[in-house]
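Just one chain follows, in the form predicted alone, and it is written as structure tokens.
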């Protein structure tokens, strides 16, 4: 089993990199992608925990925004972790998350929702990259909602009145940076309509021109029709077809290895 998209507590997952590697080994997986949001801080612990036949596809899930304001996530895999320009881009993207979180909280408080930055920080693991899942966890802790899934289907959906975008590279800029750093660029769940606005088929041309390598087709947030369309697009554009769990540990339904990438891909 090859699962190229997972998260640890270095961003918005609940497992440490060591715990995630151990789970992958216990499941007999062959390759696991460590792709925390806008950071490579989990790489070292994952490498130190590696043993047996498991291989790592180290990377990051980079938060991007199109010129039209559509949120896109770009998986960068196998790039040079010491590449200065790449690390600068990741740092700048992380820095944009704090003012975004403050604005979302202000919007919620304006309609009477009892939530604060302190609540979010209490739900944020030490050293983790701040993100909407931590706001979701804080809302769960306060009894406003029941689960992360409920949050992302409603209050924290991209089309919600509380949603706020943040400073981020365009998908094309992210792809070019990944490729310049020696990596492989795979767009994550591009047709996940349950999350809000999505790309259209015509949007892929500029991504391919920038150097896109693959499309994450098999993902639980894309229905069978969406997967079929993406598979056709990937085949037409000669792009790698991947599948992955987008595992986050406890608090989300995604199971490690629930979708995979075939070895030939």
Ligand code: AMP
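Positions refer to the first chain, counted from 1. Every value quoted in this text rests on a predicted model; they were computed, and no experiment measured them.
There is another form of this protein, the form predicted together with adenosine monophosphate, and it is not shown here; the text below is about that form.
Novice: Is residue 97 close enough to touch adenosine monophosphate in the model of the complex, meaning at least one heavy atom pair within 4.5 Å?
Specialist: Because a heavy atom of residue 97 falls inside 4.5 Å of adenosine monophosphate in the model of the complex, the answer is yes.
Novice: Does adenosine monophosphate come within 4.5 Å of any heavy atom of residue 251 in the model of the complex?
Specialist: Yes, residue 251 is a contact residue.
Novice: How about residue 118: is it within 4.5 Å of adenosine monophosphate in the model of the complex, going by heavy atoms?
Specialist: Outside the cut-off, so no.
Novice: Is residue 173 close enough to adenosine monophosphate in the model of the complex to count, meaning some heavy atom within 4.5 Å?
Specialist: No - in the model of the complex, heavy atoms of residue 173 and adenosine monophosphate never come within 4.5 Å of each other.
Novice: Judged by heavy atoms and a 4.5 Å cut-off, are 12, 131 and 152 together in contact with adenosine monophosphate in the model of the complex?
Specialist: Yes: 12, 131 and 152 each sit within 4.5 Å of adenosine monophosphate in the model of the complex.
Novice: Looking at heavy atoms inside 4.5 Å, which stretch does adenosine monophosphate contact in the model of the complex, given the options 107 to 115, 84 to 92, 174 to 182, 141 to 149?
Specialist: Correct option: 141 to 149.
Novice: Going by heavy atoms, what in 23 to 57 lies within 4.5 angstroms of adenosine monophosphate in the model of the complex?
Specialist: Only 37 sits within 4.5 Å of the partner.
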